[in-house]
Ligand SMILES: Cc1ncc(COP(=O)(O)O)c(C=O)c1O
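The chain below stands alone, shown as structure tokens; this is the form predicted alone.
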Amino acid sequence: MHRRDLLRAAALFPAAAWLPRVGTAAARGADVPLPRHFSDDEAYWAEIRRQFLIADGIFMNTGTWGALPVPVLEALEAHMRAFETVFHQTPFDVHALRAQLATLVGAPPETLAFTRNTTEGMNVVARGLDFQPGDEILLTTQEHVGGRCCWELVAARHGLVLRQFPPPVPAPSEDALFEAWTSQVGPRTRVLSIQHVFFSTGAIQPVQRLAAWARERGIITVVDGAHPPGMLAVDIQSLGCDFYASSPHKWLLAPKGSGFLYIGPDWIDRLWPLIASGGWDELALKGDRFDHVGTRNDSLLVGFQASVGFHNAIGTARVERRCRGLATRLDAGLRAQPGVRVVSPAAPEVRSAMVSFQVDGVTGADVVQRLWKMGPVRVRLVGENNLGYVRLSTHVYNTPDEVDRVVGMIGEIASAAK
């Protein structure tokens, strides 16, 4: 009997005595059996695409949430069904997941805590730091609400100064982004709240340079890392930031409600937990101290572990090459369309797997609606701060043909607006 057949049997007979012994490579965080090719040919990626349930259209909104691979969905479902038998629950080793995640993102296991998403992680940091009235928090005018509102709250509550500045759009270079930040820092600046990848344009910020520069000046760096894990190779220790919050339910294709927070070694014993439960003051627990939040759904963590296994089976370098390669194709296609203005960076070193644009004479909301009717194509309107951008994301389940078709549709929309 194949693994999938076993899981289907488990679904039919949830109280079967053998159910706790039914496991998957994905659930253990091991390599998921996937097609092996020596080159990134389209036959390989077609096999990867068959690991997803996506149907009836083109999905280019991974920047909001990724589609679950079937092995991840099956691992999550099997654990949940086993749990609900009450007598045949499958144990879950959270420390094994912490170790596997640590290897993937380049951080000591004890510095990682599990959250529901980036928003929660950013709030843990903002609410857990000690401030003095007049301390300044610096961030850009293109922050996601999940990385901005936590600072608004602590600023209002503790008499802090929240200051925002407009970043260069499109970002011409890493140097330009670095200089935009450093030119804004003042004598009372206590925290730089930095998006690793702008949610609005997909520009990659020079986190490593900014963190080193800030550390020399005693400034704390808090990174909104919602997008890089699962899209880009990430080594948090090398970045040198103090905190890094992320949402693996996006590019790492983990279940919705999966998040993590890195708390730097200098802060792991000093940061106040957002939620106090048993062990909140046991400093020896390190990152585990921040996981004591009451009853949680460990089936989501099982799915999270499976997503790490799925990602590792393809390989980080291959995933990044595919995602960014498709985005490069998309970027080039859009720039060739009259009436289309790309607001994402042109420079490859600061361009991620998200491409944002505007169409002359057509609102972003109208572009989104027309793409839905023409495709359907699922994309993201970046309506925050009245930006009106349309954002496209490319991942391993997308194809060059889909990219070309979407570029053609956008070209039609722009042509009709003349």
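These numbers were taken from a predicted model, which means no experiment stands behind them. The numbering used is simple: start at 1 and walk along the sequence shown.
Below: the form predicted in complex with this ligand, not depicted.
- Taken together, L232, R322 and H395 are entirely out of contact with this ligand in the model of the complex: none brings a heavy atom within 4.5 Å.
- Checked against this ligand in the model of the complex, the candidates L252, A126, V197, A113 yield a single residue with a heavy atom inside 4.5 Å, and that residue is V197.
- For the residues G339, P108, P170, G146, the 4.5 Å heavy atom test against this ligand in the model of the complex is passed only by G146.
- Partner contact region in the model of the complex: 138-146, out of 340-348, 172-180, 138-146, 159-167, criterion any non-hydrogen atom within 4.5 Å of this ligand.
- Proximity of Q205 to this ligand in the model of the complex: non-hydrogen atoms within 4.5 Å are absent; the residue sits far from the partner.
- Put simply, Q305 is far from this ligand in the model of the complex: not one heavy atom of it is within 4.5 Å.
- Interface membership of L330, defined by any non-hydrogen atom within 4.5 Å of this ligand in the model of the complex, is ruled out.
- This ligand is not drawn, but in the model of the complex it has a heavy atom within 4.5 Å of T119.
- Contacts to this ligand in the model of the complex (heavy atom within 4.5 Å) from stretch 45-71: G63 only.
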